[in-house]
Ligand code: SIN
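Below you will find one chain, with nothing else, as structure tokens; this is the form predicted alone, and questions on how it binds or moves follow later.
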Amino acid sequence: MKSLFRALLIVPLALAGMQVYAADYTIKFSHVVAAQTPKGKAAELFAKLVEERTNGRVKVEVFPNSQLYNDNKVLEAMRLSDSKTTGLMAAPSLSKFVKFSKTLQTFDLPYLFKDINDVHKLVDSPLMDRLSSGLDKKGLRALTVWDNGMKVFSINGDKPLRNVPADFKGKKFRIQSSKIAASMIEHLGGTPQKLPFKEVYTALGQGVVDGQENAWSNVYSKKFHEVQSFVSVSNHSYLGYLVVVSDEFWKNLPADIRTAVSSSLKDATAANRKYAAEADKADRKKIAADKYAKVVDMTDAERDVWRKATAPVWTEFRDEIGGELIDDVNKLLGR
């Protein structure tokens, strides 16, 4: 009986001891892509680093594949959140922020970047603060930018996308919620159609849309290439993600916790760039090896035709984004 009493006494004491180490704060990290993508892997690394560096005071729960929210709903939930202990974090594509920030539309401009190094030059510069300014007034705190990669075009049909507007004419293309992307498709000769990311594979397979634009890792991880005939290596714009968190939650975190989360995010961002660069090469090779869709390289001369065809988009959105800001970005990039 005494041994039973001791056992009963030990259990609640042990449980009480465990509660000392329970997390003080929870971050729910929602994203819409697969866990093995550059964004998915970076989110998992971030979660691991935060828990280590805060000694378990902060627990990060990662929800891939729209398990918690899609990108539109997570931003609304984030803006409405007033919890001081549970914060929402997400990494929606930059195009998703159009209704909150006109300046972030800069990233959608066709052929703004020569390559991914140009992107890093911009996001690591003080100009990024100007590009994301004002989000805090919308209940969002911008933290960093994560790569996916440069976008390529895919199409279902008997010929690849090469000549504009001939190869785009009569074709419907899935785009993100971006007025600039819509204008770009129209200037290339096609018809834009906005669709949520999780609906793209079915829409391509059923012919609701003929083609789409995306980075290599999304094309491969979501098997878009299995329902497409060609992938044209256009590299026409950048697909990146703005990592944001509930502003109210962020402001109420203790300074030491914010420091630990920020350092974890910095290291996860560096890893994300590595993951994205690796995926660009590896997923392109996998797509070519699968032989569902033929990968079609484009010459600089062919891309220049696309660049000229989409140049009016810059003029159309110059005042909305801010002419001075666009000029400063071009100056930074050596244009």
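None of the values given here were measured: they were computed from a predicted structure. Residues carry their position along the shown sequence, with the first being 1.
The same protein also has a form predicted in complex with the named molecule, omitted here; what follows describes it.
Residue-level contacts in the predicted bound form: of Ser264, Ser81, Thr106, Asn214, one residue has a heavy atom within 4.5 Å of the named molecule, and it is Asn214. Contact with the named molecule in the predicted bound form, judged by any heavy atom within 4.5 Å, is made by just one of Phe197, Trp250, Tyr111, Tyr220: Phe197. Residues with any non-hydrogen atom within 4.5 angstroms of the named molecule in the predicted bound form fall in just one of 239 to 247, 182 to 190, 132 to 140, 111 to 119: 239 to 247. For the chain shown alone, Lys96 is a contact residue for the named molecule in the predicted bound form, at least one non-hydrogen atom being within 4.5 angstroms. In the predicted bound form, Ser154 stays away from the named molecule, with no heavy atom inside 4.5 Å.
In the predicted bound form, the named molecule sits within 4.5 Å of a heavy atom belonging to Val33. Although the partner is absent here, Gln176 is a contact residue: one of its heavy atoms lies within 4.5 angstroms of the named molecule in the predicted bound form.
Contacts between 120 to 143 and the named molecule, taken as any heavy atom within 4.5 Å in the predicted bound form, involve no residue at all.
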